[in-house]
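First, one chain by itself: the form predicted on its own, in structure tokens.
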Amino acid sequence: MKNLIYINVRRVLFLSLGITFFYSCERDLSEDVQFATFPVNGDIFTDNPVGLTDQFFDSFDPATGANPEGFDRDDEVAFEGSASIRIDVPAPDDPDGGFIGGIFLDRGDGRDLTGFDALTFYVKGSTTATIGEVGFGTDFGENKFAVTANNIRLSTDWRKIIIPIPDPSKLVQERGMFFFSAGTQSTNGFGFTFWIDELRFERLGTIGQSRPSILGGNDSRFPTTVGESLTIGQLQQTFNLGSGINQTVIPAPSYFDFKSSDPNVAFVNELGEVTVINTGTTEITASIAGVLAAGRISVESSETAQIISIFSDLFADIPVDNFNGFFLPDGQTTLGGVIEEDGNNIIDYTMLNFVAIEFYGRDNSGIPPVDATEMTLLNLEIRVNENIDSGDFINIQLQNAVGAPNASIGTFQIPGSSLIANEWVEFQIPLTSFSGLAARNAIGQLFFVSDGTISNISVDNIFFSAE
């Protein structure tokens, strides 16, 4: 993406840490006072769960498709000792659920993990596959200090996985020892098995070069009005593991220290929630353990609204009829729509020749078209998920007054040379550049047209704005 983009807000986990002590202003504490401490044992599972009850595994909710039946101890397979954890990943059509996942929960007071720098474990699979997510800090509560690593690749041999802790000083009383979620996306729907052993928190002393980032490391602007709010997303932190390998994790917002350069314009809390209270401009930055995060937000607050959002996690979206109207029998081949990718909502299209996002009241839905008369730009991000040839293009089209005698369509062509294979590219297209668009007081369709030159794209952050 370009350095100056509008913010793409992502999933945020909300967690809580409840350690508070009170003191009296009237007298000093005795030197004999001993503050409460919590267990510092880092072991979670060796041959058995360590410091946990026999019911230490909590499955994700079966109502969401989680399969609670594929988790067990295996006395025949182990990296070290006599047993390991066996996890059978179901096929998508399994009647008990199409994926497996859950958390390992300390059901006591929690543990003091401030002396460790990583969660580690050994893992192997029955085949080469991928575990979608692993991490710690999820406790089915507020999950305040959750950490996630995506797409852990399995081998049929044991390998050690290292998940760095973003800031160990935060983990004075943690109950979420481990979590995982796995499906069959990497095996084309075929179930598989993987084993986990020697699961523990360790102090390795070899983890360094912390590189936190917000907003994907981009500098972003947020045009807004007084009273609006946003949540800072795309949080990441990359470490070098000492072996030359880098590991990127997704930390919960509470690991970051957020700062507003002018709190009288907007202030930000520990969850990365920005509240705009006055007109003006302020810059939001963040850091972890004193290391400044790449990426910052320029909040630009004015009296009048500047945004009409069609699809964005940041702004309040208008209602839409659909994200793929299926124009049949007019030769449309495009499949797809809204999907979740790494916890983020995007629109994904495959077999693209043309497709439309519609918001004009199709099939008497009652959804009104957009009056973009006061808007000046169409903003969107596009990722082409394939190689790009010199003759490739994507036409962006806007139709005004759909179905009316005075309907008009305006077209703006994005050549392949302006796109980058497998990378997001942001576009801010002047509405005056849409050739043929006679008016924009009732825009009801946004088309993506490639005529088959490009067949697989993802799009995100689609909105009109006023400069």
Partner chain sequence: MGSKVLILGMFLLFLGCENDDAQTVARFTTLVWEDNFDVDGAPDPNRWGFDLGDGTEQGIPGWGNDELQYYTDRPENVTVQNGFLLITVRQEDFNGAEFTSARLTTQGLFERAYGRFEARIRVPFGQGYWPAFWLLGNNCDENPWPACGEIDIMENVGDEPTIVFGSVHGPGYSGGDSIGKDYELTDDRFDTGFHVFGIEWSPEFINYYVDGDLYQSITPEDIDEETDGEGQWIFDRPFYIILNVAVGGNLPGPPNDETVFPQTMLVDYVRVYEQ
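Note that this is a predicted model, so its numbers are computed, not measured. Residue numbers count along the first chain shown, from 1.
What comes next is about the form predicted in complex with its partner chain, which does not appear here.
Chemist: Quick one: find which of 148-156, 72-80, 166-174, 240-248 has residues within 4.5 Å of its partner chain in the predicted complex by heavy atom distance.
Modeler: The contacting stretch here is 240-248.
Chemist: Counting only non-hydrogen atoms and a 4.5 angstroms cut-off, does T206 reach its partner chain in the predicted complex?
Modeler: Although its partner chain is absent here, T206 would touch it in the predicted complex, with heavy atoms inside 4.5 Å.
Chemist: Verify the contact flag for R211: yes if a non-hydrogen atom of it lies within 4.5 Å of a non-hydrogen atom of its partner chain in the predicted complex, no if not.
Modeler: Result yes; R211 sits at the interface with its partner chain in the predicted complex.
Chemist: If you look in the predicted complex, which residues in 110-131 sit within 4.5 Å of its partner chain (heavy atoms)?
Modeler: Residues within 4.5 Å: none in this stretch.
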